[in-house]
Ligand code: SAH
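Below you'll find only one chain, the form predicted on its own, shown as structure tokens.
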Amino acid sequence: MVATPTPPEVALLPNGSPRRYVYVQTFGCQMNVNDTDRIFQVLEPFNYRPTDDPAQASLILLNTCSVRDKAEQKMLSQLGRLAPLKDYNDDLILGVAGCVAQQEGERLLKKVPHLDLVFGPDHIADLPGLVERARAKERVSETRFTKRKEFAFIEAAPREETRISEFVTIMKGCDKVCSFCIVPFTRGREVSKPADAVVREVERLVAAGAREVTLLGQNVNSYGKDLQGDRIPTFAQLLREVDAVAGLERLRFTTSHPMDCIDELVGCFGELRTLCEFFHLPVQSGNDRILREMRRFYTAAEYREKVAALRRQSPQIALSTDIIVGYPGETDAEFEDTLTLLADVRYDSIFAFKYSPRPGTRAAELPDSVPEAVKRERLARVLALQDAVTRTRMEAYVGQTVEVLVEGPSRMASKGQTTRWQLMGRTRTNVIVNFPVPLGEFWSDRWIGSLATVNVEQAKSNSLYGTLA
């Protein structure tokens, strides 16, 4: 519940214009997290400052995800909890951004009477003007897709406190149109950011203090296919250009499609200095018929060969994937094929979900024929199998010495839940490592962004513990 607030005072800047605060709650993927950063960036010149307190804000935005039904329900519930704030603050504008906004548009305004503003991801740059329209008492919905040739990316600007690990969007949208996926309908067609702009953005973030960069897109390894001109780099060539940026320590990317995991990309692992040994490669199912129904356009055997090629190139590579259980028509035998693939590949981690129909997708036209109880049982079996595999893979780190990029205090130290002065960071394989440092050094900035060598002494389900080597 939201406590009964006192209406926030609108401070005046020296030029007499008001300073307002914006609160953004982000749902969903890393792309949405990056979009939230861009929201803050475009609002900053208009005197909006971020706040963690919705009662202080004069603009509240929910940046939404529609890939899973649960995220939509969370968004609607949160809108209900925020509604009382409008009774105490006449200045408050309440808006919804992101994929649910793109999907629902004006329908969302009709569904939620106290909602002022709905806008899709293509209109983040237009947000200051949209907010002013809402302040003029117009209920605003802006969800038109920008034409490919007219779309302009917002390049990330360094913040006052640049994070050690930063995101850089290199493309948006997806052309694959998998039968279960709503991304093409909420993010549009693929549009690639010019390579020069990507490299320039990375250079600017590194100069401001970033040491790790993750390249983002709904399907990053199809990068460049829509570009025109004399210089059209492949995704692998773009990785090589970013790898050459002076001062960059680590490079990651997400998310990929197996169809575009070609030999040139596989060859980058183990070849490029900064490219981390971690690859998220969604498989979705281990059964060929279900893969065809999903419009994935590869077989389980072809997927296995891509995994084998990655491990030949980089034996230490950590792999993660996405799994959907209970796709319409999936039989018990077809589900068993997914379990077999999981047991064979032995991922370091997975994201597993029960199938739920998404409006507008091809699969939504099919009868949702797998009973909910069967979906729950299949998901439980997937998670139980993966938990055992993950536990084994985590325990294999014990006794090893790993390189950790230090991000800051451990979560337990930040919450005062440990008497040890712990820092945390991640390995190149994307595993969290916690380790103690002397009290006098805990507050030292010298650790943040540094590469520490840690002897791993203990493995938990999702993190490692050790001591400085």
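Residues carry their position along the shown sequence, with the first being 1. Since the structure is predicted, the reported quantities are computational estimates derived from the model, not experimental observations.
A second form of this protein, the form predicted together with ligand SAH, is not displayed here; the remarks below concern that form.
Student: Taking 4.5 Å between heavy atoms as the contact cutoff, choose which of F153, Y355, F269, F145 touches ligand SAH in the model of the complex.
Tutor: None of the other options qualify; the answer is Y355.
Student: Which residue, F279, F119, F180, F235, is the contact with ligand SAH in the model of the complex, using a 4.5 Å heavy atom cutoff?
Tutor: Partner contact (heavy atom, 4.5 Å) among the options: F180.
Student: Counting only heavy atoms and a 4.5 Å cutoff, which of 382-390, 202-210, 215-223, 340-348 contacts ligand SAH in the model of the complex?
Tutor: One stretch meets the cut-off, namely 215-223.
Student: Hey, in the model of the complex, is D322 touching ligand SAH, heavy atoms inside 4.5 Å?
Tutor: Result yes; D322 sits at the interface with ligand SAH in the model of the complex.
Student: Is the gap between I432 and ligand SAH in the model of the complex 4.5 Å or less for some heavy atom pair?
Tutor: No - in the model of the complex, heavy atoms of I432 and ligand SAH never come within 4.5 Å of each other.
Student: In the model of the complex, is there a heavy atom of ligand SAH that lies within 4.5 Å of any heavy atom of V67, even though the partner is absent here?
Tutor: The answer is yes: V67 has a heavy atom within 4.5 Å of ligand SAH.
Student: So in the model of the complex, is ligand SAH close enough to T255 to count as touching (4.5 Å, heavy atoms)?
Tutor: Answer yes; at least one heavy atom of T255 falls within 4.5 Å of ligand SAH in the model of the complex.
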